[in-house]
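The chain below stands alone, shown as C-alpha cells; this is the form predicted on its own.
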C-alpha cells in the first residue's frame, strides 16, 4: 500500500480502530520505523527545552521509532505550517503542543481528516476530535497556588494582603485555568486585593520584570506575587530586588524545573513553585500504544506537587543538582 492510497483509505474510515489498523500494517509490512511528528511551540523557553529533552529521551529507548520535532518559533502561523508539513509527510502519529488553542484547531482537524492519530500535549485545541490529550491540570495547579497564598497571608477567613498576578499568555487556556483555580481560593477572602488587571506577559521573564517594575512604582504595599510560570515570577523577584523591596514580598511560580524554579526556591528567591510536568515522555509512550493498535485513554492528567523550602533541596538532590 503506497502512502497516497493509505491516506485515502484513512480518510474514508469512520472509526478510530479502522484508521489505526492501516498504520500498523504499513509499518510492519514494509519493515519501516514508526515516524512521529511533534510540533513544538518554541525550543527556547526552558520548560519547552525540558519538554523536548524528556520526549527525546523516551524516544531513544525505542529503536523502531523515528521522531521529528519542529520549532514553531513562538508563532502560530509557523506552527500551522509545520503541522501541515508533517501531515504531508504522512507521519504515523502527530503530536501537537499548541501556542494558541484557536489558532491550531483547524490544522488539527486537517490531520484528523487525513487519518492521522493526533495527541495534543499541554495546551488544548477547540475540538475534541483528536485521539488523546496529555497534560497537567492547570486549574488544580492554580488551586494549589491559591490555597498556599491564602495560608501565607493569614489563613482562610483571616487572609489579608495585596496581590499582583502576572498572567502567562492570555490567548492560551493554561493561563486562564491557572487564574481560575487561584481565584477559587483568594476570591473568597475579602481581605485580599488583586492590584492589577490582567496583563499578558507571554510567559516571558523580561515581561514579568517590566510589569512588576511598573506595579512597584504604583503601589507602596505588595504582599504576594503569583506568576503563571517560574520565569515570570522570577522576573518579578528581580524587579523587586532592584527596587530594594524583595524581602517584603512572597513570590509564587509554576513549573518547578529543577535548574530554575526549584533552585530559586532553594535560594529563597521564590517562596514556592508548583510542578507542571512536561508531557513529552508520556506522549511517546501513548503514541507507541496507538500504532500498535492498543486502546488509549481520551485524556491523561499528569500530577502536580508543591515545592517550597521544606523539600526544594531534596528535589535538587534527586536531580543531581545538590
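Residue numbers count along the first chain shown, from 1. Please read these numbers as outputs of a predicted model, since none were measured by experiment.
Quick note: we don't show the form predicted in complex with a small molecule, though the next part is all about it.
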Open item on the list: Looking at heavy atoms inside 4.5 Å, which stretch does the small molecule contact in the predicted complex, given the options 57 to 65, 263 to 271, 279 to 287, 43 to 51?
Closed with: 43 to 51
Task: the small molecule contact in the predicted complex: residue 174, any heavy atom under 4.5 Å - done: yes
Open item on the list: My question is simply whether residue 143 lines the interface with the small molecule in the predicted complex - judged by any non-hydrogen atom within 4.5 Å.
Closed with: no
Open item on the list: Residue-level question: is residue 203 within 4.5 Å of the small molecule in the predicted complex, judged on heavy atoms?
Closed with: yes
TODO: State yes or no: in the predicted complex, is some non-hydrogen atom of residue 179 no more than 4.5 angstroms from a non-hydrogen atom of the small molecule?
DONE: no
